[in-house]
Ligand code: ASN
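Consider the single chain below, provided in structure tokens and representing the form predicted alone.
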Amino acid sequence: MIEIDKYIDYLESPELRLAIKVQTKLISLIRQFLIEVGFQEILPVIISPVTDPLTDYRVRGEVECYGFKYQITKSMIFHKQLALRTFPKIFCFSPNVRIETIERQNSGKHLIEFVQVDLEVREATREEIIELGEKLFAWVIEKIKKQALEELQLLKRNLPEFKPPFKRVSYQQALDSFGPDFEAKLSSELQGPAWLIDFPIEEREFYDRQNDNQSGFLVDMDLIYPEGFGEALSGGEREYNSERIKERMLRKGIDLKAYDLYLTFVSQGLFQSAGFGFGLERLTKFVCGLNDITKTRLFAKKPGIYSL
């Protein structure tokens, strides 16, 4: 049941109004940076026969039309890989729906509907995509400090420095230092952003490429915000070999028939590539110094809560 009075208070919140104004400027800056370095913007895919399994491929939203079943996009990873046949560098402001567990309802950083800035680069390596990410975030943070000066002052937000190169921490180092729930603890200790690299193969999806020089580990990375704001970005190099993709899918218990259409495209060849995606709402939350991600968009939907 929606409590109308509380919902109206939320929609009229000064914090929400300021965050949306900052977000508008962030969108403009992200688009400006990527276009200036040669990226082509493409339109988002909302429904498709296949979408990212994200560890548990059984949890998905579906719609049926014309007798066909479509899944609601969790991420555009497959479409990004195929789009590289058209352009060598692409990006998209992609609406995603992920049906998170109710346990994440009060995490302050999970929504079941959000926008991900997704990009992919043909023939890129992890090192090249890390350098791109550092330049993008450093430039956007520096610009937003000036362009949203009034809003950030009203929010009493003093942003930290984002000066490349960012610190790097391996998955194993983070696990040894902070235990299994290391992301939140690592983020709380950071004064600036850091890359979390070299995840074990079991921790990620089948499309993340295994390191040829480090068996059992991936050529991937997450960017972690400082000050306890958690994960900013996730990405890495992609697996492009058809047989290795199928082997990894089977290893994760994924029914190949559910991805028959994708695998047909894969059999025709994929470009070697690397890329990443980052949540626009999480970036807004960090920039504005907010404690709850629902303050970063109108009509925000937390896991397990009925909402407009």
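The numbering used is simple: start at 1 and walk along the sequence shown. Please read these numbers as outputs of a predicted model, since none were measured by experiment.
In what follows, reference is made to the form predicted together with the named molecule, a form of this protein that is not presented.
Residue-level contacts in the predicted complex: of 126, 238, 110, 79, one residue has a heavy atom within 4.5 Å of the named molecule, and it is 238.
When the named molecule is considered in the predicted complex, residue 195 lies well away from it, no heavy atom lying within 4.5 Å. Using a 4.5 Å cutoff between non-hydrogen atoms, residue 199 does not count as a contact of the named molecule in the predicted complex. When the named molecule is considered in the predicted complex, residue 50 lies well away from it, no heavy atom lying within 4.5 Å. Among residues of the shown chain, residue 118 is one whose heavy atoms approach the named molecule to within 4.5 Å in the predicted complex. None of 33-41, 63-71, 270-278, 251-259 except one has non-hydrogen atoms within 4.5 angstroms of the named molecule in the predicted complex; the exception is 270-278.
Not one of 23, 28 and 141 places a heavy atom within 4.5 Å of the named molecule in the predicted complex. Of the residues in 205-225, only 207 comes within 4.5 Å of the named molecule in the predicted complex through at least one heavy atom.
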